[in-house]
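The chain below stands alone and is given in structure tokens; this is the form predicted alone.
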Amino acid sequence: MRGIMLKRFFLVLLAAISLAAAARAQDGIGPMQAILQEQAEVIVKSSRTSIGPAIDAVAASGLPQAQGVLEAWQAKDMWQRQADGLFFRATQDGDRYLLTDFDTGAPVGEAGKADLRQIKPNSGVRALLGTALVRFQLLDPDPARRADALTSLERDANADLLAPLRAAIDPEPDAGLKARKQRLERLLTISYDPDQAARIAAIDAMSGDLGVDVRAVLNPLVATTLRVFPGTPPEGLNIAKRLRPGSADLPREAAYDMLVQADLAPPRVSPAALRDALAAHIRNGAVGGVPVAQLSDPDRRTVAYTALAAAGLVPPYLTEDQIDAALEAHVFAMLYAEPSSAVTDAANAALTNISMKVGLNQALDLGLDALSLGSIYFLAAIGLAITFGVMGVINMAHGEFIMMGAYTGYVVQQVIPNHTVSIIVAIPLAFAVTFAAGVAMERLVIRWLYNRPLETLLATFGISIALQQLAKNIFGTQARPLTSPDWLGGAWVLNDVVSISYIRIAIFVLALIFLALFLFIMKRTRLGLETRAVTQNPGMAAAMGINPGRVNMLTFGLGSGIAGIAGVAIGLFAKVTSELGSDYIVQSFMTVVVGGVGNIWGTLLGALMIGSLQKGIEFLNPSNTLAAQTYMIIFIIIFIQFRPRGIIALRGRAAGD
């Protein structure tokens, strides 16, 4: 009896010691480790079909360590120590692995690879972990990380991300990120929300949005597939429209081919197959009772083939009436991929509204492009409007003054690396260089050729070739970079349809500045007064004490200087080569002639008209820019036939010419 009691005492004592040890062990496990231990079997198995509760247990724990655990798990940095089954974050250090506790984030020792088991989630499990991480990343204290998570969500979203995204909208403190979250929530609602009313509300909210992502979400809702049904289509199908075989949308042959592919009708016998079948069954000079000599008649061939089909030797021959009967017995319909007709109706209405707004914005974008191109042509032609329009000098070297201005900007940038400062210095320097070149050209050549347009044209054309060759000798034949300042980089984006580069805007502003400068010089300065006097009546101007030669020299120099500034502006977006000027000389002359020789307002209108015409033709025929140039020249030739003096005709000497 005493032995039995002693034995029981030892058993009770052993149990108490075991319970105490277990309690001490449990006290050493943190709350996150406890959750992992509860889900240990599922985590180690790592199956996509069963891992959901384990991920949810970690994600919904409310512990600050949850995000780190999920990230380590997804990155395959979670390891289980085989001795006690505890989970750690492990990093390799030589042949050993350093273990970090998930709860405290502190190192807890090291172990060999043989003592650990790596948790290796497959791609499906990692996708579930990524979905669980979204709720943490979208609420991360760091705005940059929230933005990165949102960008990742925009690239690859699914139905599982809708709930965590909605939960992250109201707590978002940043207005910009909150707007992005709300927008993405609407897009995901359209695609994945099971509530039809919520989807329609989201579609209506986005119906005026021009974003490409909106159209990318709506288009699959209205995508259709052609289906054929024997008889009446089943109830519940979202039918876009029914098609009649033989219509433009469904040719008769294509409709019957659908029946054949769906095993709803026998295949047709082609003429070639019919001839081959007849040739293979010639017996004693006849086929199916029809003599071979009669087989040149199509009707007799049909009779012979029908006889072979009746004997079971060939597939049956289908008459046109039989084909029509088969088509009449079936219904052809376009079915929406989206089963809800209310959703597709809302999507179609939204796409119609968006399409109308896209068209209006495309017209606005085309207008801005035309305005931009017109400002470039005006800037290139304003100097020519002075030399050709006011002085009547056909200067074929005007394009080379533009080229000289662009190369001046390039040289300045080699000396001054700061692009903003270099452009500020290059503009007046280009004016000075080309002004001096223009004065030299006028004094040495042009002054001897006034009122001799043919000789002037030939002389300036020769100077043009000489200047191009000189530029090649100095700078080479390769294009030279003229880099714009950083603040001119990028574009002003109004929406996904309308945008215009900042360089084009700067050129437009520069064109307006030179328009105002030209008007000021011509209306408010002595040089302008003398130029207008010489233009109207050079003899009377000379009698009044004005030196026509000096006025012509300064006027020619002014036009050449403005061409140099235009070269700096054009060089910011075009290739700076020796042929740069030749790309704009034709458009410059057309601008001046169409606008009205010698009138600055006419030059402005001519530039806008030519720019609009070119952009319009390119829009209608975007694959052939050469055709656009050809059509534009043809239009201008016709225009000049009806209005030879241009849009605004000049009065005075040029008008008399």
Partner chain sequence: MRNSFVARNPSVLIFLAILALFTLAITVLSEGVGLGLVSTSFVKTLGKTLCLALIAVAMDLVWGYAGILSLGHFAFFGLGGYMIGMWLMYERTRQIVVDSLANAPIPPTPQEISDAIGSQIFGVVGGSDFPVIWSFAHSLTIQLILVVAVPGLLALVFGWLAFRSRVTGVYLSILTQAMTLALSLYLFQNDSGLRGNNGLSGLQNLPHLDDVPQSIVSIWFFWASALALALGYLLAAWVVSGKFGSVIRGIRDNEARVRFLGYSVEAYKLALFTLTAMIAGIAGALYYPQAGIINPAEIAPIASIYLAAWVAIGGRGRLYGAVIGAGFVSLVSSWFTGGQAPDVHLGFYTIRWVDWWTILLGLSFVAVTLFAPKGIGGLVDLWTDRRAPDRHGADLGPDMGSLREREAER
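Note that this is a predicted model, so its numbers are computed, not measured. Positions refer to the first chain, counted from 1.
Another form exists, predicted in complex with the partner chain; not displayed. Remarks below refer to it.
> Counting any heavy atom within 4.5 Å as contact, can you tell me which stretch out of 294-302, 563-571, 96-104, 230-238 lines the partner chain in the predicted complex?
Answer to the contact question: 294-302.
> By the heavy atom within 4.5 Å rule, which residue out of 411, 150, 394, 439 makes contact with the partner chain in the predicted complex?
Checking each option against the partner chain in the predicted complex, the one that comes within 4.5 Å is 394.
> Let me know the one among 605, 51, 63, 590 whose heavy atoms come within 4.5 Å of the partner chain in the predicted complex, would you?
Among 605, 51, 63, 590, a heavy atom within 4.5 Å of the partner chain in the predicted complex occurs only for 590.
> In the predicted complex, does each of 448, 466 and 633 have a heavy atom within 4.5 Å of the partner chain?
Every residue of the candidate spot has a heavy atom within 4.5 Å of the partner chain in the predicted complex.
> Can you tell me if residue 252 lies within 4.5 angstroms of the partner chain in the predicted complex, counting non-hydrogen atoms only?
Although the partner chain is absent here, residue 252 would stay clear of it in the predicted complex, with no heavy atoms inside 4.5 Å.
> Is residue 278 a contact residue for the partner chain in the predicted complex, using a 4.5 Å heavy atom cut-off?
Yes, residue 278 lies within 4.5 Å of the partner chain in the predicted complex.
> I'd like to check something about residue 388: if you look in the predicted complex, is any of its heavy atoms closer than or equal to 4.5 Å to a heavy atom of the partner chain?
Flag for residue 388 set to yes.
> Can any non-hydrogen atom of residue 244 be found within 4.5 angstroms of the partner chain in the predicted complex?
The answer is no: residue 244 has no heavy atom within 4.5 Å of the partner chain.
> If you look in the predicted complex, which residues in 519-546 sit within 4.5 Å of the partner chain (heavy atoms)?
Counting only heavy atoms within 4.5 Å of the partner chain in the predicted complex, no residue of 519-546 makes contact.
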